[in-house]
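Just so you know, structure 1 and structure 2 below are the same protein chain in two forms, each on its own as structure tokens.
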Structure 1
Amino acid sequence: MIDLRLLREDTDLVRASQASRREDPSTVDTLLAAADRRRDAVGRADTLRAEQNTTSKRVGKAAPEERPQLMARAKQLAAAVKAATAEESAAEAALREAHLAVPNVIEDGVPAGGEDDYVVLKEVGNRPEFDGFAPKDHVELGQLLGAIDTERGAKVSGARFYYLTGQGALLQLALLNMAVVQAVETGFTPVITPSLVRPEVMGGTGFLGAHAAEVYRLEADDLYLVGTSEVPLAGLHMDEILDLSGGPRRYAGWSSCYRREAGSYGKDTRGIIRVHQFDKVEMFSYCDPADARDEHGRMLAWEEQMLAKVELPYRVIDVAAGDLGSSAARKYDCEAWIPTQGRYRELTSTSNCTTFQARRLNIRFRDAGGRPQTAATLNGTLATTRWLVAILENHQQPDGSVIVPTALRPYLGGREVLEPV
């Protein structure tokens, strides 16, 4: 949730953020009205409770001739307090609903617009040239290597499921292990997270708004399957006050991720680019909001470090406001070149969620004066199953073999080449 103090002090900033996101600006006015209604309701209820307490004390001390009038007033006040309390509760519920409807306020400099309005910040590396042969896509390479089996995945589980077998399974484990090692070397605590979370955690991270259709729900248990370990890592310190005196608290979550891919009918139906289940190592950081922008830059640098290790050509984009998701104030994507598609595809994202998630989840820290303040949260991808697509296609050889990037070889037992089986 956004800071209500910011809403009151700089309403135009929040309205401008909504406009950049292409969201309805009237939600800002609705939230302001709801905040005013709650403030008035709380004030009225508190005033009546104070008068009720005073009157109750006077009844006990009153002379006999005064007591009937005071008791009648006490009865009136009891009814008024009951009604005011009900109004207070209703105003509180209306405020929460209005509060949840307003996404995070974007950072200065975020491009306005939708999915296609991103800004390319830089391009890194050289796209491969395939002399004398036409490159194969990752599905064909995966079949040659005995690494990816989408047909049996569909037979067992349906469309957009797959098996990673043999060299494919080993390659993914090597990639994710390399990501965990890098994360530990840069100060992250490794965590294997739960795959199921309660509604308050899923909602607290912002995934039950516009993205609710993407989430799998187990209705019998009222639990949700996570689409990223960002969710359980955000919930890890829910309702806690953290010690951030030593700097950000960082976690690297290894998890299986589940996404319904609602609305993606007909898109990326071939292969493992857009699937219902995949594995991922995700960075997550709690920090002082004053350090959030710098922490965001550090996360992007760590993502680029991983991409350099697997020797992929990529670009970094500044995602436009309308494509951020409700929690993010800014997001950078790293997109790798996919030769057979002739375009870049997202491999990593890193988002600065400022205090938006922490305010919903009641995660705080103590400032230099010892006062509790809302923390900032950030997240960023270090490796996922989708990376296999880019690694296989960019490093393929004419015979269908694939050169293993040098940094990845120790995690594959020293193997230098993946050979067709």
Structure 2
Amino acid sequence: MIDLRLLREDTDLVRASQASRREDPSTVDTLLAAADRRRDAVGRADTLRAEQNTTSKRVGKAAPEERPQLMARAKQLAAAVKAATAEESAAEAALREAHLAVPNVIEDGVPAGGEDDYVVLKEVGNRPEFDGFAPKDHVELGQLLGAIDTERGAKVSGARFYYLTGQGALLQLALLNMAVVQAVETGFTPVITPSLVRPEVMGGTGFLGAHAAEVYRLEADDLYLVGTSEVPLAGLHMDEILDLSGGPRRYAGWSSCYRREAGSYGKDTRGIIRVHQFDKVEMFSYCDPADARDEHGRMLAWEEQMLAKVELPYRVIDVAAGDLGSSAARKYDCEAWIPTQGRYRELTSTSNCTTFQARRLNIRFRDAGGRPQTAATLNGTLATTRWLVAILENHQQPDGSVIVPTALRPYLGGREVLEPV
């Protein structure tokens, strides 16, 4: 939910944000009208309640002969309060609905437009050259190495499921462990999170809006399978007032992630690029909104640090407004070069959600004056299963073996090469 004070003070900014997202700017005016209506309703109801309170208090103390009069007046007021309260809650509900319809206000500098309107901020590293052989894709490499079994994944669970076996399982554990170690060294608290969350948490993080179809729901228990540990990490401090005087509160969550991939039929059906279940180490930060932009920069730098460790060529893009999702004010993706696809694919994504998520989840902190204020939340990827695709493809040798990036070797018991089995 966006800040209503900002909406009142700078309505045009919010309208412009909607325009950049290619969304309907009239939702902004609907919200403004709903906010005004609620304010008026609250004022009227408060005044009536105040009068009713003083009147009914006098009833108890009144002399018997003046009671009937007071009671009559009190009854009138009770009816008036009831009507005013009904209008108040109707206005409240309308405001909430209008509030939920407006996505976060984008940060200045975010490119306008949709999915294809991103801006490339930089390209890092050299794409591999395969002298005298055609590079194999990760599915073929995964088979040769006995690392990835998509056929049996499909047999047991259906399309977009897979087994990581042998070197594949070890490689994923090594990668995720390396991510956790980096996070801990940087000052993050490592967390293993619940995979199932309640509706209010899933809704509070913004995943039940336009992307609700992406989320697995367990009907019998009214719980949701998380698509990322961002969800339980955001829920961790909901309804709390945090002490952020010592700087941002940072968590690194390790979890499996579940996605229905509805509407992506036929896209990336081969291999483990787009799957229903994968594992991820995710950074999450609670901070003072004044510090959020800098924190976002730090998150991006930590992601790049990971990419450097696995020696992948990548580029950083500034995601366009229309492709941000409802919670993010700005989003940077790091995309690794995938040789057999001849293009870059997303490996990390870091979002600055400013106060949007925290306002819904009621996450606050005390400012310098000791007053509660809404906190800012940010998240970013440190490693996922998808990284295996880029690592295998970029570091492959003609015989199908794969060189293990130096930084990763200690996490694989010193292994320098993955050999076909």
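Here, residue number means position along structure 1's sequence, counting from 1. Remember, it's a predicted structure, so these values are computed and weren't measured experimentally. The term rigid core refers to the most C-alpha atoms you can superpose between the two forms while keeping them within 1.5 Å.
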Pick the form predicted alone out of these two and give me its number. 1
After a rigid core superposition, would you say the CA of M71 moves by 2 angstroms or more between structures 1 and 2, or not? yes
